Each structure stands twice: as structure tokens, then as C-alpha cells.
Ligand code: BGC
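What follows is one chain in C-alpha cells, specifically the form predicted on its own.
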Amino acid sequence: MFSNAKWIRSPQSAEGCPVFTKTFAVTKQLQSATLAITARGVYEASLNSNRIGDFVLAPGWTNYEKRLQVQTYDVTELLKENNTLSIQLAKGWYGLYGSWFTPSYQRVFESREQAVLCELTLTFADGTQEIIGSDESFSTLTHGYRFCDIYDGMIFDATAPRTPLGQAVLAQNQDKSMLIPQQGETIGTQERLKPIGVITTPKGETVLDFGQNMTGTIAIDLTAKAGEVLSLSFAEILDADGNFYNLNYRAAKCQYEYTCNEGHQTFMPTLTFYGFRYVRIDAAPEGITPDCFTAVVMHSNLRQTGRIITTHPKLQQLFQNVLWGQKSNYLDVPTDCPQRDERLGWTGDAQVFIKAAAYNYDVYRFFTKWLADLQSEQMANGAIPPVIPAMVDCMISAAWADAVTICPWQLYQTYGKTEILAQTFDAMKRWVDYITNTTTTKGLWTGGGHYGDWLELTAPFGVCKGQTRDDLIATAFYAHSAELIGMVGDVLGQDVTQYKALYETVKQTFIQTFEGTYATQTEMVLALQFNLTPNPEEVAAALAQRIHDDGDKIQTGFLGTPYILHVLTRYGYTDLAYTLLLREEYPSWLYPVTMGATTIWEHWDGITPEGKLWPETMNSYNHYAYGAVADWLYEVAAGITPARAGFSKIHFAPHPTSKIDSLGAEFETPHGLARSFWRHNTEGKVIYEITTPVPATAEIDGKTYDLQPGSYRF
């Protein structure tokens, strides 16, 4: 592949999106035609004005210096006798540049050269082939875009003439060694939403409300005079006074400026994206109406596999918020947020949510690609950056870097494929070896810098890091990763004696150091979750008491929250778990729902009951981390868990509560649909309905049943 193709770039630097074109004729009977293409940037290709494929923001986001995906399209049906191939190129993630990026990464992005590489293979009926590769014979021009950027949005002038830039020139870097076939899911345009209302704010601004916080773009369909300008701004929320608010976007300009041509026109930018619910109309052609606007949702093409169904309306909305948070942030990589000048693949967010993610959607291919990038970014000493692809010089943090062990193991548990374990096994060992080689205290992980239990509520308002001790968190995850390596080794038939012994050493040292000194909810939760206490019943009782002392409310951050309901149920405090889950006052999962949230907030107190907003320096209303609670709904409330990896055998153990009339879950396992549903009947009894596609066990009201594939009612 690409034997006849060269990396080409525009002969002139421009803020817009250069278009590369090639005209050619097909003079013989054509049998088939394929286009292989990639870019240093993001591209949109067309043949004879017909868009090629439905992949937006292609070729996606990878560690470009080591891994660059190539897309291959069948374009046979698009060809005619005389043809024009066009490729529009924008900076995309390749040219990503944030004002808060550290100097070493700023230098990387400043030196990057955007370029296109493509090869069109024409196969004729007589068995011959013609190969048209990108080279200096391609022409370049500007058309429409005057600016396009991931963070800063786009400026498009529909009146701008097609301005030739000259023949394409060869890029300085002709390396093709990093090219790989398309590995991850493609990104597509998904749902389309119309405004649910038009708001005139107290400041007199006109704002469209699309009713849903999302990731995507705006399509317009309007009639205007040439030269009239449409200018839009984006926001997730309105402030306490009802005014448009987007200071939390920080330095991201998120521009949407469109200069109209004469008459009727349609336009939809797909070389950038926005995170938003509200759109402010800053300037518009005369006579424009809300019907002119459509919000187009963009995310990776994932198949939904799981659903939570309940008669509790706020809990049902919470689940919908979890789904939207996942869709919004699964845009080729698992990002933290889709709106501000960040949008990075934070490893900590990814690992705390991956179990819920794998119930909601089929994410195997999505994560296989991302984990390959993670491995490519692993440092020589085994350390793993906190964002993948690596973009900033940040600390090597416990729980964030442990994504290298946690994510592959969860994929194996959900999908039963050992390949992901084999592919990441060496990286897992190198990561744990890094901890062993750098800690300042044998048997613990001390001496490093960590993010801690991020956004834990033991911190004052406006402070991100709480009181849970770094050394405790780091050592707990050190033990957990060592234990996971032992489990992975057993699955793969590898000798992991060293790591099993290490796990026991770290566990015992953890107990000697921290047992009896737990000071926060998270400290107790981690000790229980990772089996690091010889007195779990006592610690669980202490956790329950601490929650009561804290006012029956959650105080955990990113690391304690995913596990807290699980450990409460495991040790007999299911009623307290439901109390936390169903609490509507701040702080709680349902509190944002009562405030009208349609996605998961970054902070428990992103908006306080008094209407105060978390400081704009770190405040997203579309973060999925706290949505990890969904895996408790699947596994505990509905009671669906794998008895064997990949759900080849299932264990059903639903936990009903009198606080909800009914609740159930459906999950499309690799072997078929599993379903668990319970409801209270008029006689005060609980009716259970279970469907299993494989042999299963069920625990119902203290009794255990062996089930064959089929549907059952208890």
C-alpha cells in the first residue's frame, strides 16, 4: 500500500482548510476501485462532489508519530468517465494546541506539518490496474474555510471564490512506518435534534435550547443575502439569572461564523466539534427562525448493548444522563469533556467508568485501539502518562496509570477475549515494575505525586483534591494492579509467581500501615474493594457509620465513588446504598437531575443549591466519571454479573428495594440477551423475571437456582 503515493502538503500555509484535487479519466471497463487514505490532520474526501464514506474527523486520534490509521473505501459506484478527487484537510487533533499545554508539547505541535497521503487503485475488467497516488500532480486551493480548529471552532465564507494555491508539494517528513489499518471504531453523525425552545435572556440575548447537552455540530438550512453573517456561540448551561454562560470553556473560542451566499443554502461543519446544549445567536440574516437550525450529534459508532428500565423517573433520567455522557465523550478516545480547551483522554476517567461503559455499549474495538495508543506512549521506565494520546507533561499518578491493568481485565471479563490480555500483558508488568523501582518505601507506593481522590467532597469548595491520603490510594492501586497481573497470568498460562508474591507483600504492608487509621469514606471503600483489610465487617460497619455521620450523603471523589455502593451491598448495607443512590438533595447522583441536568457533571457541586457555579477554571457539565454508578445498577440492583469471563455463564442476584416500584436491566452479552427485572405487585410481593442465553445461577430471596437458557419467573 502507498507504494506510488507520497505525503503532500499545501504550498502555502493558511489558517483555512486546503483542498487537494486530482482529475483523471477512466478509459477502460472498470471492475472495482478502492481509495486508501490518511492524513496528518483530519480530512474529508469526495469523488465527483460525492462524499466518500461517513467517517467524520477521519483518520481519528492516535499517537500519530507511532500509529496513524489508514481508511480504505470502495468508491467503484462513484466513478464516471471523467473524475475529480478532492480532499479537504484541517488541523484536527494533529494540530491541537492549548494555551495550558506544557512547553515540550507546544513545541511538538508547532513543528507538525499537516499533510495528506492517498492511493486510488483502479482495477479493470481485463485484469490490469492503474494506481493514482498523492504526489506533486495534485492541485491545491482554498474554498470556504478561513479557519478551522478543534478548540476554536470554524469560520466559513460561502461567498469566497475557489482560490488556487498552486501544485501540492512534498511534505518534509515522508515516513510511512507508523501507518496501520483502521483499528478503532469510526466516528459518525448520529441523532439530529431540533430546538425545544427559544429563550430571550435577561440580558436580551436570543438563545436556542436543544434540550440535551451533547457533542456535535450545527447544521443550518436558510435563505439569505450574499454577505450576511451567521455567528453562534455555545454553552452547556444558563447561569442562576438565566443568562447564557460559557466561561467554563476557558480558552476554547468555539467559533461558528458563517458568511452566507445568495439564496437558499445548507451547511454543516464536520471538521471540528462542539460540546453544548444552548446556542446563542450573536448575528444572523434577516428572517432567520429556529427551524433553520439542527443539532447533529457526533460520537464513535458504538452499538448499544445495555439498558436500565425503572419506574423511578429521576433514576431513569440519571441513566439517560450516563448514556449521553458516554456518547459525548467517546469521540474516538475516552475523553474527560467535549467542550473546554481540554477534551483529553484522561486514563483515570477511562478506568473508573469502563465497566459501566461495557454494559452500555460494545466498546471492545474502541478500547482495543485506545489501549494500543496507551502502550505506544508508555515510557522506557514503564511509567504511563495520565492522558492518552499524551498531550501534557503531568505527574505519573496512581489510579490513572492503572488503566493499563484495569481496562484490559474489564474487557476480558465482559467479552471473554484473551487477546486483549496477551496484547497488554507486558505493559502491565512494566507498569507495576515502575512502581516497585521508584517507591521510597518497600511494600508501599510512596514518594510520588498523585491526583488523589479527585474532586472528593472533603475538600473546600473550589479545591480539587480532598483529604484521602495519596500514599494510601497509591498503595491500594499498587496492590490491585499486582493482583490483576497474577490473574491475567493465570488466564494466559504465564508464570506470575513474582507478582503474586508482590501482591501479598503490598497487601500486608498496607494493613500494617493503614489498618485502623481510615479517615475518609474513600479510604475505607478502597480497603474493602481491594480486599486490603483483615477486618472487612468492621471496616464496612465503620464506613456505614461514617456515611451516617456525614448526613447519609456521599463524600467520595473520582476514585471512591465507583466502588462505594458495591462495598456497601457486599457487606449487607444495601438499604444504605439505595439511600445514597436515591438521595435528591446535594450532594448526590440525583441532585443534578433535579437541577435539569441531561449529562453527568464533573463536580457534585457544579451548581450549588444556591445557584453558585464551581470556578470556571475546572467545571464541566459533561463528564462521565460519576456515571460509573450505572454498573451497580446492572450488577447489583438488577443483579446481572458474569459467572465466567465473557458471560459464558451468568449469575443473577437482583437486589430489590421498597423505595422503587420496579427496576430491570437488559444486556446483550456476547452469547445473547440477558434480562433481569423485578417489580412489587399489589400483594406486596416481589415478582422476578429472568432471561438467560446461557447456563446460569440465580439467587432469589435467599435461594439458589440452576438455570438453563430460557426465561423464568419467580
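Since the structure is predicted, the reported quantities are computational estimates derived from the model, not experimental observations. Note that residue numbering begins at 1 and tracks the sequence as displayed.
Form predicted in complex with the ligand: not shown, discussed below.
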Among 632 to 640, 172 to 180, 615 to 623, 88 to 96, the region lying within 4.5 Å of the ligand in the predicted complex by heavy atom distance:
615 to 623
Name the single residue among F156, Y361, Y578, Y451 that comes within 4.5 Å of the ligand in the predicted complex, judging by heavy atoms.
Y451
Considering Y258, Y330, W400, W370, which brings a non-hydrogen atom within 4.5 Å of the ligand in the predicted complex?
W400
The ligand contact at W346 in the predicted complex, heavy atom, 4.5 Å
yes
Heavy atom to heavy atom, is E602 within 4.5 Å of the ligand in the predicted complex?
yes
Wondering, does E342 line up within 4.5 Å of the ligand in the predicted complex on heavy atoms?
yes
Does any part of Y274 reach within 4.5 Å of the ligand in the predicted complex? Heavy atoms only, please.
no
Can you list, in sequence order, the residues from 547 to 569 that come within 4.5 Å of the ligand in the predicted complex, counting heavy atoms only?
F558
